[in-house]
Each structure stands twice: as structure tokens, then as C-alpha cells.
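First comes one chain, alone, set out as C-alpha cells in the form predicted alone.
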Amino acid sequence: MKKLCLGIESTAHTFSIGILDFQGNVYSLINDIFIPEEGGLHPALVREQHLDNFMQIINKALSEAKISIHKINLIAFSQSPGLGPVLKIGAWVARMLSQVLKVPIVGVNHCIAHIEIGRLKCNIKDPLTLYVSGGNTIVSAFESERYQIFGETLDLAIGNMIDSFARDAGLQHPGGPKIEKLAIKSNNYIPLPYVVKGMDLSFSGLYTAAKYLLQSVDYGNKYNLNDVAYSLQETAFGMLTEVTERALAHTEKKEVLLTGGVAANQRLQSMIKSISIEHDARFDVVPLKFAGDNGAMIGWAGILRYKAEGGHNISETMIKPKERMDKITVPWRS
């Protein structure tokens, strides 16, 4: 009988359960996503939804995988980084299952999990990774025994910035796909702040300027929402592409991986693919099913760590909301 891991994702709006074997075959993946009625994420409300639904999501995942909970051999959960009140729910569920089932438990860094599911599903060995999501914007590669960060956002994450702008424009959450559709309808570029500081990026000025365009007297006359969406995307993705290309030139990696929820954007895909081709590097995008936050990626990263160094003691499973990926050992790649 194959060994099975149950992975629990709970860093932000998504509570997700993934069940997979130790070879990386995914048997089930069930997501429950908090969608705010207005405004951004309210940690207390997200926490309540996760608390209300976690057992139902676990049972759905077990049913889809056609297995009993007693067939699970390992519990993995997102330990860092993320919203503290929300991380606590996943950690609490993981500890409970581990102790009731008497199986090992492993805490996982969410950012590393995004890279590892991409390496697995794209069959990529040693990529430079652009990880773009609602909560993170990171250019990373494995060097000196760690996932080193070569560039990152200094303020807003790219997904958060796009979703915030979409809300200002009156679009329902999630805003990213809606902005992408609007942008396709325009090629009227309106200059916006392009802020790259060395290898890092700042999106707050871009966001503020785009928001002001919606309030300008010229809005609806000289330009429309399609034009602003197009300009926002082109500017933000141009910044991401510049930093990624510079990191690619520095690391001389021969593979480039695009992962995280914003990786689904086809315009961003085309821009990163273009620089990859110029540097003679293979380019790949994590499959859409695994692009956003999901329990399968947590399970797989947990399996890799467990194989390399065993499970964690319960005392080692405290959440770490601010933990950086470049502070974590990666024994399965050493």
C-alpha cells in the first residue's frame, strides 16, 4: 500500500486539503475560498469560515480520494508565512489529526511549497522561480543550500495590488482575472510609476496612480477602464520581467518557473517566456489547478521534508507568520 500524506493549506483566504502519495500523485484536492462581500480579507471572518468548514473539506477530500482517514501516514500543514489567526486554524487541525491518528506531522513554508509543486508538476530540476500571488512577490533560486531571494516586493504583493485596484474599479473579488480580460481590449498605454529599486520592486505608487486615474476628469473621455487595466498590467509585469531577467543573467539558470496564483495571467506568461527564450532557458508555468494556494503543494513539500529528516515534534509546530523562505534549510536538495 502506498504511503499517503494529507496536506493542509491555511495561510489566507483558502482552506485546502490535498491528499497525495509519496511519489507525488495527487488523489484529491478540495478548496474552500473566503470571498469578501466588500473590502479585502478580514482575518477574523476568514478564520470563522475555516473553522466552520474544515471538517467538511477534509471529508470531501477523503471521499474524492476514496480512502479512509486511517490510511493517512503523514500530516503536513502550512506553518509560515501568512495571516496569524488563519495559520492557527490549519496548525490546530494538523496537530489534532496527527495525535488522533498517531502519525507524524510536518510544518511547511508556503513559499517553498509553491516552488516544489511547480518543480514536481513541470518536471523542472533547478529553476529560477518567479513566485507571484496575493500575498507574495519573490524571485528566487536554490543557491548555497537555501532558496535565496534575488528580488521581492518592498510593499504590496502583485496579486494584492491588482485585487485592490479591481475593488476600486467596482469589480468583484477575485479581481485579477477580470483585470486581465479588460486589459486585452486595449493597447492605449497611459504612463504610470515604474519603480524598480535594484532587484526589488514597489507597487504602492503604481496602485495609487492607477486609482487616481479612475477619479480623473479625463476618465471616460480620454481613456476608459480597459486602458487603465492595460496600463496597470503592462507596467507591473514589465517591472517583474526586468527583475526576473536580471536574476536569470546573474544565476545563469537554464530553467525558469512561473508559480503562484498570478501565474495564471497569460500576458505575464508571455513576457517571462520571452526573456527565458532570450537567455536560452526552458520556461514553464505551474498547472492552473496548482497555481493558487492549495493543500497538494503543502502535502508535497511536507513529504520532501519528512523523507529528508523525519517529522516534527509538536513543540516545533508553532506558526511563524513572518518567516522568510531564505531562512529555511532545504535538505532534500542539498
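Source: prediction; values computed, not measured. One-based numbering along the sequence shown.
Not pictured, yet referred to below: the form predicted together with adenosine-5'-triphosphate.
Checklist entry - Should Gly151 be classed as touching adenosine-5'-triphosphate in the predicted complex when contacts are defined as heavy atoms within 4.5 Å? => result Result no; Gly151 lies far from adenosine-5'-triphosphate in the predicted complex.
Checklist entry - Is Asn265 close to adenosine-5'-triphosphate in the predicted complex, meaning a heavy atom pair under 4.5 Å apart or at it? => result Contact with adenosine-5'-triphosphate, yes.
Next on the checklist: With a cut-off of 4.5 Å between heavy atoms, is Ile319 one of the residues that contacts adenosine-5'-triphosphate in the predicted complex?
Outcome noted: Result no; Ile319 lies far from adenosine-5'-triphosphate in the predicted complex.
Checklist entry - Any of the heavy atoms of Glu245 lying within 4.5 Å of adenosine-5'-triphosphate in the predicted complex? => result Judged by the heavy-atom cut-off of 4.5 Å, Glu245 is well away from adenosine-5'-triphosphate in the predicted complex.
Next on the checklist: Looking at Pro104, Gly205, Pro85, Pro174 here, can you tell me which has any non-hydrogen atom within 4.5 angstroms of adenosine-5'-triphosphate in the predicted complex?
Outcome noted: Selected option: Pro174.
Checklist entry - Which of these residues, Ser98, Ser133, Ser80, Ser231, gets a heavy atom within 4.5 Å of adenosine-5'-triphosphate in the predicted complex? => result Only one option qualifies, and that one is Ser133.
Item to check | Proximity to adenosine-5'-triphosphate in the predicted complex (heavy atom, within 4.5 Å), stretch among 46-54, 292-300, 22-30, 277-285 | outcome: Every other range fails; the passing one is 292-300.
Checklist entry - Considering only 103-127, what residues come within 4.5 Å of adenosine-5'-triphosphate in the predicted complex, judged by heavy atoms? => result Residues within 4.5 Å: His110, His114.
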